[in-house]
Ligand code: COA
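Below you'll find only one chain, the form predicted on its own, shown as structure tokens.
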Amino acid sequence: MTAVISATGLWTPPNSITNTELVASFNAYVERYNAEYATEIAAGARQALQPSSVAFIEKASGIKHRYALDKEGSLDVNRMVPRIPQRPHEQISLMAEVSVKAAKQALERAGRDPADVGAVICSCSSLQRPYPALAIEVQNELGASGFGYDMNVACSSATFAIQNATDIIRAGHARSVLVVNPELCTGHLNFRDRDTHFIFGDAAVAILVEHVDMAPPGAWTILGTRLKTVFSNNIRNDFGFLNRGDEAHRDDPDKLITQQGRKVFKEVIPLVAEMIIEQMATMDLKPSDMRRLWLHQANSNMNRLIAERVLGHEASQDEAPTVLDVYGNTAGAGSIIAFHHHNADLKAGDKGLICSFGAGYSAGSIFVQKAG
């Protein structure tokens, strides 16, 4: 391969929400709902809502905490939606702003000037708007050259974009490609849904992918990449511009994220593990060659089982570090946050895997090696 990961950057909101705070808000809503519809519930015409608990959340997901763009609005039982005022067109958009913050950190860590960047890819699970592309806005704000475009591959967005960046470099269209992955997930989270209200947090990451000739000290050589998709309705979000044409269903729950967690758990684990194992065989890599796995941070139980299938034994925190407990599920950013926080201790020649997976189904794997 001709590409390296030169640096990463991370932005997180200043606000954080603990499970205790989230459960208190949700249970207050449940109590109010069940009281309001008590007659219908008693008659069997409506189903009562069930309260949540900290123990339930931690057992189901491993999540203990998450960062949130707006804590007050999300926890307000009268609202339960983050309060995000619309900005005038003359002001930088919110997703572009947080992307730029993460990007500047990545550029600084690589010792790179924004003008050196020849392409920008904005890839995330939910885009703020269809056009103009957020990537072009980021490109403009940074003063980067070349071109930019947006992508959406749900929770696999960052790894799919790294594959795209690698292809751009291999084809000679640019020598330095900035991937930004702004994940403001609480904006499409249903805080009134017991099965999903605790899952997501907000963050933005940036990954600087460059030609090997530009590699700074400590860069990671990209050894191989693989992408895979299999259609499934088990994770879905039907929000889109066509919704305005059907007022009867415009605000239905499926216009936020919905998922059938048990089906996802059962189907995604073998899909991802088999993809990784097959790619390792193609690259003549053995489990013992893998110094570290930076997996998608969606569910601690899923990661434990995937890592066990890949490595052949239960992975330690050192082998497959977790950031899920602190950040929650940050969609496409999760595996990159794990990589960002847990790669500096590896030595030259050490190999690892960045892997993400999610709705679609989609999965992307990036095998890397610490350069000398």
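Note that the structure is predicted; figures quoted are calculated from it, not measured. Position 1 is the first residue in the sequence shown; the rest follow in order.
Unshown form predicted in complex with the named molecule; subsequent notes refer to it.
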item	value
Interface segment, criterion being heavy atoms within 4.5 Å of the named molecule in the predicted bound form, picked from 258-266, 175-183, 210-218, 139-147	258-266
7, 364 and 372 all contacting the named molecule in the predicted bound form, non-hydrogen atom within 4.5 Å	no
One residue of 295, 120, 203, 155 in contact with the named molecule, assessed in the predicted bound form (non-hydrogen atom, 4.5 angstroms)	155
Contacting member of 107, 199, 96, 222, with respect to the named molecule in the predicted bound form [4.5 Å, heavy atom]	199
Contact flag, residue 352 vs the named molecule in the predicted bound form, heavy atom cut 4.5 Å	no
Interface membership of residue 53, the named molecule in the predicted bound form, 4.5 Å heavy atom rule	yes
4.5 angstroms heavy atom contact with the named molecule in the predicted bound form for residue 49	no
The named molecule contact in the predicted bound form: residue 28, any heavy atom under 4.5 Å	no
Sequence-ordered residues of 354-372 touching the named molecule in the predicted bound form, heavy atom within 4.5 Å	357, 358
